[in-house]
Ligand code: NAP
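In structure tokens, one chain follows: the form predicted on its own.
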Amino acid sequence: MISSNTSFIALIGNPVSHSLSPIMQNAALQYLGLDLIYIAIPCKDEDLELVLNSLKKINCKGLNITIPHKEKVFDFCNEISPIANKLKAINTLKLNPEKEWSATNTDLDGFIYPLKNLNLTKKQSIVLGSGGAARSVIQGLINLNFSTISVVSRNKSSLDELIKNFANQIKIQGLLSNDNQAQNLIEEADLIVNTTPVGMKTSQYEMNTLPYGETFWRSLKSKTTIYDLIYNPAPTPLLKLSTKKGCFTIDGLQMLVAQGMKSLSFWTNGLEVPFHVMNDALKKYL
């Protein structure tokens, strides 16, 4: 029951109407019996500072930050965790006792969650795409001790920048998507992670398309695990193809839930909610 004492957590971004976070977070807050609700607030670029300052003055306990504010929000935080600094992106804020924003990034934990028990040490991996999501993925693969990480992208400048950012941790091989060498990599890969938006329900791309086109996937073998960060539609065109080829597949829903669990723990100073509570809420909705 919402009362005048009820506090809230909000998702800030533009757009936010498609987000599934309110569904899973409100299920978790209800399970924990907290007098908290989770809402989504659309916020334009030019309004970010005003919104963040206004939320300090009311019953707001914390925030999730999504596109396009994950980098811009650095300017308004007093404490930033080492992992957020390393990834150059923030997705979770909470107000400290001085009413200042403390920031972290839970995407790395979310990405790793479905891979933890797969014994992928010293294996070969490919990351598709060189945008913001690729940073969390690459750091996760480094933490899981993959022997090789290759990144395939259409954008040479963002690819070069990404490789440079991780140069002190691991040597990353970068290929453009039209490079024929990619076929050899796909044939040998133990894990391929799609961080591009191709195949997403709300994306500008045609439905039923695959990242980099059908011929790009002709060398895919059944031993390869395919992890698509997209969770809507389920399954994505890439995961449908991979299942037909006999691959083990992972969709983005597990990452979404796991990063949400980590954010909730951050807001509540360590409280934990079972994965299935949030996951089941989303599956009922979808």
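Numbers follow the displayed sequence, beginning with 1. On a predicted model such as this, the values are computed, not experimentally measured, just so you know.
Although it is not shown, the form predicted together with the named molecule is what the next lines describe.
Engineer: For Leu256, is any heavy atom within 4.5 Å of the named molecule in the predicted bound form, or not?
Structural biologist: Yes.
Engineer: Classify Lys86 as contacting or not contacting the named molecule in the predicted bound form by the rule of any non-hydrogen atom within 4.5 angstroms, answering yes or no.
Structural biologist: Judged by the heavy-atom cut-off of 4.5 Å, Lys86 is well away from the named molecule in the predicted bound form.
Engineer: Would you check, heavy atoms only and a 4.5 Å threshold, whether Pro114 touches the named molecule in the predicted bound form?
Structural biologist: Although the named molecule is absent here, Pro114 would stay clear of it in the predicted bound form, with no heavy atoms inside 4.5 Å.
Engineer: Do Tyr231 and the named molecule share at least one heavy atom pair within 4.5 Å in the predicted bound form?
Structural biologist: Although the named molecule is absent here, Tyr231 would touch it in the predicted bound form, with heavy atoms inside 4.5 Å.
Engineer: Of the residues Leu185, Ala103, Ala133, Ile172, which one places a heavy atom within 4.5 Å of the named molecule in the predicted bound form?
Structural biologist: Residue within 4.5 Å of the partner: Ala133.
Engineer: Quick one: from Ile149, Leu144, Met200, Val73, grab the residue that has a heavy atom within 4.5 Å of the named molecule in the predicted bound form.
Structural biologist: Contact check passes for Met200.
Engineer: Within 4.5 Å of the named molecule in the predicted bound form, do Gly129, Ser153 and Tyr212 each have at least one heavy atom?
Structural biologist: Every residue of the spot touches the named molecule in the predicted bound form.
Engineer: Out of 92 to 100, 77 to 85, 118 to 126, 154 to 162, where are the residues with a heavy atom within 4.5 Å of the named molecule in the predicted bound form?
Structural biologist: That would be 154 to 162.
Engineer: For 61 to 75: residues with a non-hydrogen atom within 4.5 angstroms of the named molecule in the predicted bound form?
Structural biologist: Stretch hits: a single one, Ile67.
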